[in-house]
Each structure stands twice: as C-alpha cells, then as structure tokens.
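Given as structure tokens, the chain that follows is alone and in the form predicted on its own.
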Amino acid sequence: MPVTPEQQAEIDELRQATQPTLRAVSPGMEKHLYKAVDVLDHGFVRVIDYMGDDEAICQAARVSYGRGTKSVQNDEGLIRYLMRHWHSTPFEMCEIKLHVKLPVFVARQWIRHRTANVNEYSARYSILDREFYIPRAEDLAAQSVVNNQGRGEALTGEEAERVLRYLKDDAGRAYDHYEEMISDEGQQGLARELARMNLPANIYTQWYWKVDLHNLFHFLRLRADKHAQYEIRVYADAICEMVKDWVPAAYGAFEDYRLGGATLSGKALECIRKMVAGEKVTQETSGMSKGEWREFMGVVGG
C-alpha cells in the first residue's frame, strides 16, 4: 500500500488547513499540494511545497516589481523565447519540494541529478518497512541486443515465472534475516547501520527532494524520455502532470522545445539542407558514424 490510512488522514488534515498569503499562488499546483500520486506497487510522489509560477519567471527575466504590465500572451512568448534560447536563471526562480517513496535502485539512479537538495529516510536510525518493488510480469524483459542500457523482448512462460519467484523469495529472505539480526530478543542485536547492508536494492526508501524548475526540467527531459528506464520514467511522468498544472506556459515550452524537440549537430543540419535541396544522402556520405546516422534518421523519420 503506497499510503497508509494514518498518512492519508494526515494529508487530509493538511489540505483542510488554509492560511492567507501574499505570495504568488498557482491554482493548478494548489490542487496537487500534499496529495500522494501512486507510482509502481508501493511508491508515490507528492508535493510538499512550491514557490513561484509562470509570472515569476517573466518577472525575473524583466527584473520588474510587483505585477507585470505585459499581457498573458506576451508572457507566454517571453517564456518560449527563454526556453528556445536556453536561458536558465529565470526558471531557477521557481522551486518545488517533493516527497517521494521509491525503490533504492531507482533512488540511486535519481540521485545522479546532483542539482537538488535531498534528505533521505535513514536506515541507520529507523527500521525500513517490508516493502519491495516486484515488477509486473509484462515489465520483465531480456537485455537489449542493440542498447547496453536497455531492455529487449519481454520474458515469457516459465522463465518469467521463475524470475518473479526469485525476486519475491530473495527479497523476503533478506528482510527476514535483517529482522533477525537487529532483534535484541535473546541477543545483543546487530546495529541497524550494519544490518541494512543485507537488504536488496528493490526495497523502498523515501526522501524529500527540493529542486528549482530549470534543473527539474533537465531531470524530466532525461527521465520522461521514452528511452529512460521504466521504473524511473513513471515517476517522471507523474511529476510532469504536476508541473503542467503548476507552470502551464513554461511546461508547454519545455514540452515543445525539449521533450518534443531534438538537438542536431552541424553534420546533421548539413544533411537536412542537402535533402531539402533534393540531394540523396546516405550514411557513407553524411560524415556520421553508424550510431549517429541511426539516431539522425530516427529524428527525421527515415
């Protein structure tokens, strides 16, 4: 269960308590505040706090005071200009703090993004819950034969059943031993900071993760991409839905220029110019490697 009845009661209480404020408020984000969005089998993402909105981005870019005098259309145009030309500091004026519950192996991939403030649940002081990520059968896949970091065909039949059985049995056995080691009944009990080393990478951890919008967009560009690992991509997808309501103009520009756009090399641009002019271009005449050509053709639809 991603959220316990006690946690849900706390969330409901927080959402019922309101206070007057003079700071910028995003109605779209207010509806997400404190709510937990279920991810995977036991995980979730929820917004704890946020600062700024689309107007804050424009205000920072113009360095104006109070409410701007520009129209909403002009604000959206400015935001698209900032995104198009890779400006960063105006987007850094917005921040978000998330509470995330996720498997440890996903957390280790997530923490590669070092441009955020993180405070993780400590297994030195506390006992981790018996909650493990067990993939759905359809999410079990063989190693990709074309990408060392990716998945290939889905596992089927007895192999899929055996893998699921191993994952469940090994996780349960490791946690049983963890509980035995830290128990002080009839023994001294091993320190929690040592006993945790025996826990599997699919056990769940939790953290608070605070990041500005510029660096959040960088995270989402990589992790909401179709090539990202499924287990972290579903978290990124959930966050995308929140950001879309928080800063709709900024997210629209991000979606257009980053998620839906592509960066082309000088060689790739030269190939496009030749193609537009009616010239035949091949991998051999493009000056690109086979990998570059494959990716290029994937972008232009060849």
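Heads up: residue numbers just count along the shown sequence, starting at 1. Predicted model only: the values in this text are computed from it and were never measured.
One more form of this protein, predicted in complex with a small molecule, exists but is not displayed; see below.
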| query | finding |
| --- | --- |
| Stretch in contact, per heavy atom within 4.5 angstroms of the small molecule in the predicted complex, of 124-132, 162-170, 200-208, 214-222 | 214-222 |
| Close approach of T115 to the small molecule in the predicted complex, 4.5 Å, heavy atom | yes |
| In the predicted complex, Q149 touching the small molecule (heavy atom, 4.5 Å) | yes |
| H85 within 4.5 Å of the small molecule in the predicted complex, heavy atoms | no |
| is_contact(H227, the small molecule) in the predicted complex, heavy atom dist at most 4.5 Å | yes |
